[in-house]
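Coming up is one lone chain in structure tokens, specifically the form predicted alone.
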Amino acid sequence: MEVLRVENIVKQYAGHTALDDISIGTKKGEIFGLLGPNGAGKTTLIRVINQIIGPDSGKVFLDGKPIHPEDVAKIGYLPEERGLYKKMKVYDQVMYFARLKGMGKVEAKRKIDHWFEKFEITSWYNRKVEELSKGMAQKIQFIITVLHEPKLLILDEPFSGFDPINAQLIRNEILELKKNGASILLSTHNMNSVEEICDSIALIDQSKLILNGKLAEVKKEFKSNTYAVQFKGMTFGFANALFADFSLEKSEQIDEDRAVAYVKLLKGNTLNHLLKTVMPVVEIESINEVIPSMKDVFIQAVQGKKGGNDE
């Protein structure tokens, strides 16, 4: 069963449509990437899920039941714009938010101690937030988000502002939360993070859902029948052999007599046909199908949609 299900959500502001019939779902133990350009509608959707604003139409379900205001306690939300009280001491602040989520004082203290020891920040207990660096404050915000062990986590740009070491620390914790059964909705512009940890993705652009599905399947849809061929021999001879049945997209010289060529199959030709064509003129060292990165998919999907709207 899906932990979160969003069905046919529509939200408008003074004639502007922020969300246009959006439907997505996340399962237990899944990291779901919510992607889109700035202004696409991602933040509005997150606010609808969190009960901060209501939709004009459509429904949000948590564990198969319509979501209610009290269900927010089952959600951990890490907003892109962090919200900590600067004059408050770190420990007091984490305890305050834990109590707001319904945790008892003894349980909260035990879990606060656990997370502070895990992140090696026990010396921060009595420091004020205004004394912390941006990265340090973000660690505190992350702990507040996960402390009550929510079944649904909504993380908006969770790696923003972290150095590579701490970004890896947070990434590992997110994967551990997934392993323990949390459903995680990850909103980010960092396509490398999407590649590394997301199981499924949805791409919203101009308020509409334009991609939705398993990461591997979405990338497969955007394959262009192109192969990276590494060979030893003359690039000129390789290119001439291709003639009209293949398209040489680009080539990169490795050293004096070795290169990698990116070849697109045309007219229903197969990989075997490509090999038979070029093997008489060069020595093939390796050949691999080119799978698009999420950055490539993002750009193609968004630009293709905009191009379609212009026609």
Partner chain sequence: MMSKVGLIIKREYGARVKKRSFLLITAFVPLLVAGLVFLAMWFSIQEIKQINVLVVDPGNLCHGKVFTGDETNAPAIFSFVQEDVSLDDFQHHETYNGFDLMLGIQAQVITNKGIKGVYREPITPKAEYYIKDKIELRLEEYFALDRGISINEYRQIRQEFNFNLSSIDPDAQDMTYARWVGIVFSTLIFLFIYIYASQVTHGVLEEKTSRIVEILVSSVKPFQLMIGKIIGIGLVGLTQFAIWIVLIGLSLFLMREFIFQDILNPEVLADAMTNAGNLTGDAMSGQSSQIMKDSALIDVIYNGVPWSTLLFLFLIYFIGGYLLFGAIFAIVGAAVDSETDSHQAMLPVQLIVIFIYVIGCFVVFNPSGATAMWLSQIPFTSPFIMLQRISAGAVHYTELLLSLLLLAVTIFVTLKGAAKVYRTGILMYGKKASWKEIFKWLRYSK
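Positions refer to the first chain, counted from 1. Since we're looking at a predicted model, the values are computed, not measured.
Keep in mind the form predicted together with the partner chain is missing from the figure; the text below concerns it.
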> If contact means any heavy atom within 4.5 Å, which of 88 to 96, 211 to 219, 187 to 195, 234 to 242 contacts the partner chain in the predicted complex?
Replying inline: 88 to 96
> Exactly one of 119, 77, 227, 124 has a non-hydrogen atom within 4.5 Å of the partner chain in the predicted complex; which residue is it?
Replying inline: 77
> Heavy atom within 4.5 Å of the partner chain in the predicted complex: which of 207, 141, 166, 200?
Replying inline: 141
>> Check residue 50 for me: does it contact the partner chain in the predicted complex (non-hydrogen atoms, 4.5 angstroms)?
In response: yes
> Is residue 136 close enough to touch the partner chain in the predicted complex, meaning at least one heavy atom pair within 4.5 Å?
Replying inline: no
>> My question is simply whether residue 37 lines the interface with the partner chain in the predicted complex - judged by any non-hydrogen atom within 4.5 Å.
In response: no
> Is residue 55 one of the residues lying within 4.5 Å of the partner chain in the predicted complex, judged by heavy atom distances?
Replying inline: yes
>> 106, 111 and 155 - do all three of these have some heavy atom no more than 4.5 Å from the partner chain in the predicted complex?
In response: no
> Going through 1 to 31 from first to last, which residues have a non-hydrogen atom within 4.5 Å of the partner chain in the predicted complex?
Replying inline: 11, 13, 14
